[in-house]
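Let's start with one chain on its own, the form predicted on its own, as structure tokens.
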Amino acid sequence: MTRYKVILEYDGTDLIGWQENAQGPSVQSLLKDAIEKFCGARPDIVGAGRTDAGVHAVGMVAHFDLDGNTDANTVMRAVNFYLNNAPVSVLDCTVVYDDFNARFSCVARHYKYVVLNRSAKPVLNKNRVWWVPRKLDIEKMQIAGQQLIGKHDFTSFRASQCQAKSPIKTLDSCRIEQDGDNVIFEFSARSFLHHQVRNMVGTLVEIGLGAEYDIDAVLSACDRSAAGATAPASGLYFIRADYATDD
């Protein structure tokens, strides 16, 4: 048995998310289909994160086990061959130790959220950004974003269906920068609650549009209704996962 670590890129627009589900195509199901066509096996695939429907990735990490010791480059080329018409691509594939786990070995996860802040609607980037036509106050959002950094009870930014055992998370960084018409939000943490990033972005954008949220009060409320609306999935990207060692 050989364990493979893969780095994936995908467009989540027409996918139901990471998790395999009978409701439609997912990243997991498309990968399993491709691997099965390649070698007849349908392995369990563990990802560093479980992205929702409509969420994209440029560097999702996952692992799976296959019988034998097929060269990693051969696995990558074969899987990509069968993913040819799917919105998923394997960017890299390496053989790792048996104790490597894409989810539990991860020490940091990084997300990016893209807001298109202009009066004209998106065409080329439709389904890849959140279009906000009114001008955003970048400085106000940056000040509020800094208050989110650190160890907090993020219940106010947690989806009702979140299955995490605890709402306590440590947000390591929150960066908000303007790049032309795009406003880029970047978040890093060891782990996130369900919808945490989208709920933080939704609240920060409302602040940028003039809403008067006191972030400390929102956090203290421990109440989802105290924060802003959930930002659309279309603007969210899983960027990368960090590991303590290069397994």
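Counting begins at 1, following the sequence as shown. Because the structure is a prediction, the values reported are computed rather than measured.
Omitted from view is the form predicted in complex with another copy of the chain, to which the following refers.
Let me know the one among 209, 66, 221, 58 whose heavy atoms come within 4.5 Å of another copy of the chain in the predicted complex, would you?
That would be 58.
Out of the stretches listed (119-127, 151-159, 138-146, 95-103), which one is close to another copy of the chain in the predicted complex, meaning heavy atoms within 4.5 Å?
Looking at the other structure, the answer is 119-127.
Do all of 35, 45 and 71 end up near another copy of the chain in the predicted complex, with near meaning a heavy atom within 4.5 Å?
The answer is no; none of 35, 45 and 71 reaches another copy of the chain.
Find out whether any non-hydrogen atom of residue 20 is located within 4.5 angstroms of another copy of the chain in the predicted complex, and reply yes or no.
Residue 20 lies outside the contact set for another copy of the chain.
Whether residue 90 contacts another copy of the chain in the predicted complex should be assessed with a 4.5 Å heavy atom distance threshold; does it?
Although another copy of the chain is absent here, residue 90 would touch it in the predicted complex, with heavy atoms inside 4.5 Å.
Does any part of residue 86 reach within 4.5 Å of another copy of the chain in the predicted complex? Heavy atoms only, please.
Heavy-atom contact with another copy of the chain at 4.5 Å: present for residue 86.
Touches another copy of the chain in the predicted complex: residue 173 (any heavy atom, 4.5 Å):
Contact check for residue 173: no, nothing within 4.5 Å of another copy of the chain in the predicted complex.
For the stretch 1-33, return the residues whose heavy atoms include at least one within 4.5 Å of another copy of the chain in the predicted complex, in the order they occur.
Heavy-atom contacts within 4.5 Å come from 9, 10, 11.
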